[in-house]
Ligand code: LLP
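Quick heads-up: it's one chain on its own, the form predicted alone, in structure tokens.
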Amino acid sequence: MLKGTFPTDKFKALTTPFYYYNIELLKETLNTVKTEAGKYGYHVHYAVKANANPRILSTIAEYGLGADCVSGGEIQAALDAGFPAGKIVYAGVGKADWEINLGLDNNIFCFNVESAAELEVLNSLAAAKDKVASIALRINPEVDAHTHAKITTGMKENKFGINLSQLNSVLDTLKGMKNVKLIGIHSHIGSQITDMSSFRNLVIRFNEILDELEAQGITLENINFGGGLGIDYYHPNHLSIPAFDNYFAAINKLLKVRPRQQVHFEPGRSVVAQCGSLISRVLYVKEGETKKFCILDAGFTELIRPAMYDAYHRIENISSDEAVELYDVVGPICESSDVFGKEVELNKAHRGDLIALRSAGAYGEVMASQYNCRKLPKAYYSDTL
């Protein structure tokens, strides 16, 4: 079976589990993002929630991307990593006062407002600082992302954003506010979207919304399509960089951009997922009556996606070239859901073998926990190991 290339000899001396980042691949991905978005003059803000590792963030900032943040902690992490405040956008359905104030104090580019109630609070906090906050209204466009239910975010039953039926009411509320300035609309319909028709439908809906707003005399400077572009978890070696060319081209083909209007995107997973792997060791090979278990020293404390979303990650035994056998690959956590994969094809496993769980650069390290009093793993990088 085809495997990724890892410095296995160097790994042997390291304490597992740990995260390993291919910095060269990250840089190649960033170059691709900049090239493809640059063809149309699009602005890209990296979604910090995908991976907030300081080294990863600073590398992305060096390539000139902005940051999409969903908490005050992420705003601070972005600032610390070198992202200019003028390229930071801040979304989140439950922004605390201190988080809003942090954004105001640093004059971030835009607040993506998700409710009329939030609008009132933001206007009040900005007034107290004698400032005017730039905002975009996050709209639920009622576009099906055709993705996992737990990462669908653009429907009226989701907690995020402002429903289309409420938009005019929010716009009326805005007219009486002096400390917020409407500069755009924003949407994010979900994550790990691989069906381009979802993005095409989003563009069509945005065109309709912008036409309706213009009929009311409202012309917006910015439109923000959020993120959501998926990756190929099954073939991380062959398809290590997502199809950013097709993605941006699909948007450009249908979008009716108004004069001087700027277009923004917030990719996260698609930028960092393939450059990261979780490296673990085999603790035991357990022979059951009906199946064989490969028990690792990594668990859902280090990579929670399989337990939370039934997500697939390619798993490779990077220590063995023996014949392939079938294993249930599991972790040591005291929960039955601590399973990385069932009936996984692995080269014959032995105690001490190194196992790579691929495509863990997004929602791996950033979601790690200390459940069962486990220590958080270290991270290592291809250019410094």
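Nothing here was measured: the structure is a model prediction, and the numbers come from that model. The numbering used is simple: start at 1 and walk along the sequence shown.
There is also a form predicted in complex with this ligand; it is not shown, and the following applies to it.
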{"item": "Contact segment among 201-209, 224-232, 98-106, 249-257, judged by heavy atoms lying within 4.5 Å of this ligand in the predicted complex", "value": "224-232"}
{"item": "Three-residue site Y19, L25 and C275 fully in contact with this ligand in the predicted complex at 4.5 Å by heavy atom", "value": "no"}
{"item": "Non-hydrogen atom contact G268 with this ligand in the predicted complex at 4.5 angstroms", "value": "yes"}
{"item": "Exercise: K87 in contact with this ligand in the predicted complex, heavy atom 4.5 Å", "value": "no"}
{"item": "Contact test in the predicted complex: Q192 vs this ligand, heavy atoms, 4.5 Å", "value": "yes"}
{"item": "is_contact(H186, this ligand) in the predicted complex, heavy atom dist at most 4.5 Å", "value": "yes"}
{"item": "This ligand: the contacting residue among L119, I279, A126, A91 in the predicted complex [heavy atom, 4.5 Å]", "value": "A91"}
{"item": "Partner-contacting position among I56, A47, A360, I355 - heavy atom within 4.5 Å of this ligand in the predicted complex", "value": "A47"}
{"item": "Partner contacts for 109-140, taking this ligand in the predicted complex and a 4.5 Å heavy atom cut-off", "value": "R138"}
